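Only one chain comes next, encoded as structure tokens, the form predicted on its own.
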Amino acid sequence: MLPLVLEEVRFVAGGRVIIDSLSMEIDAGPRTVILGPNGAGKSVLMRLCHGLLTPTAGRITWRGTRNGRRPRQQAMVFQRPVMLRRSALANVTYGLELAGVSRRERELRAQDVIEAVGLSHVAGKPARVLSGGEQQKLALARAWALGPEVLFLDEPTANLDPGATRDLETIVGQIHASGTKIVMTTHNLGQARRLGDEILFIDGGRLVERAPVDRFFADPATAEAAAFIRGELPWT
């Protein structure tokens, strides 16, 4: 399915240019972390890649798919995931049902991912009464159960305490180890170091710098990236 190819992508909303003629490829394998200051366009870029938004101009295509259209083998988890009015387990099985997975297979798969993310003890509870950290774990489980080739994560730990953040990072690592490509945004530079293999730094809707994570933090190639690392640009 990959790479995901963006060609001169532009997105305008309310008369404001949010993504400005951005071109890049996202390949399979390395975990990609998108960084940038407040208003840089990170979340909009993620939604464009996932297909939730349509570019004002330019093209987004998936090589290896028919007509370059958005494939089904991808998923996205947001800062504040929407929980269905069902049990935690049923939140996972429902997504699998929509994907056409047989009843027996979806029940087995749902139980496996619920256990993998440490939610077996609350599998029968209504999803909406779970804590914020538990709901985010459930959102990851729901996405992971689909076996996505690519998982987009939009600041998945932004509202969590340090303990819950560590748990989520462990789960993201497990999902990556299972063969899923991770593309995520974060405002946490420590998290970017821990979870990223490469950094895409955007500012003003433009791709300013792309580098392996160690090189980006040790020797940024642009003044904008260096200022951001020093805390001289606003964070999200």
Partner chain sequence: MDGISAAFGEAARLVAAADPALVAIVALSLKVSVAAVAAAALIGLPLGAIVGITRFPGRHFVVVTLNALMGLPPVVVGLVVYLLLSRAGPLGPLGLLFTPAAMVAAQTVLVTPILAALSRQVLEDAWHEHGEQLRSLGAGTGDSVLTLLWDTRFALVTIVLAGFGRAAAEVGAVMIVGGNIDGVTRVMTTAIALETSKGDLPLALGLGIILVTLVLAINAAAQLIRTAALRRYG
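Model, not experiment: these values are computed from the prediction. Positions refer to the first chain, counted from 1.
There is another form of the same protein, the form predicted together with the partner chain; it is not shown, and what comes next is about it.
A.B. asks: Please state whether every one of the three residues Arg10, Lys42 and Lys181 places a non-hydrogen atom within 4.5 angstroms of the partner chain in the predicted complex.
C.D. replies: So, no: the whole triplet misses the partner chain.
A.B. asks: In the predicted complex, is there a heavy atom of the partner chain that lies within 4.5 Å of any heavy atom of Arg104, even though the partner is absent here?
C.D. replies: No.
A.B. asks: Taking the shortest heavy atom distance, is Leu160 within 4.5 Å of the partner chain in the predicted complex?
C.D. replies: Contact check for Leu160: no, nothing within 4.5 Å of the partner chain in the predicted complex.
A.B. asks: Using heavy atoms and a 4.5 Å limit, would one call Val82 a contact residue for the partner chain in the predicted complex?
C.D. replies: Looking in the predicted complex, residue contacts with the partner chain include Val82, since a heavy atom lies within 4.5 Å.
A.B. asks: Using the partner position in the predicted complex, report whether Pro148 sits within 4.5 Å of the partner chain, counting heavy atoms only.
C.D. replies: Close contact is absent here: in the predicted complex, Pro148 is far from the partner chain, nothing within 4.5 Å, heavy atoms only.
A.B. asks: Of these, 24 to 32, 181 to 189, 203 to 211, 47 to 55, which stretch puts a heavy atom within 4.5 angstroms of the partner chain in the predicted complex?
C.D. replies: Only one stretch passes the 4.5 Å heavy-atom test: 47 to 55.
A.B. asks: Heavy atom within 4.5 Å of the partner chain in the predicted complex: which residues of 83 to 102 meet that condition, in order?
C.D. replies: Those in contact are Met83, Leu84, Arg85, Arg86, Tyr94, Gly95, Leu98.
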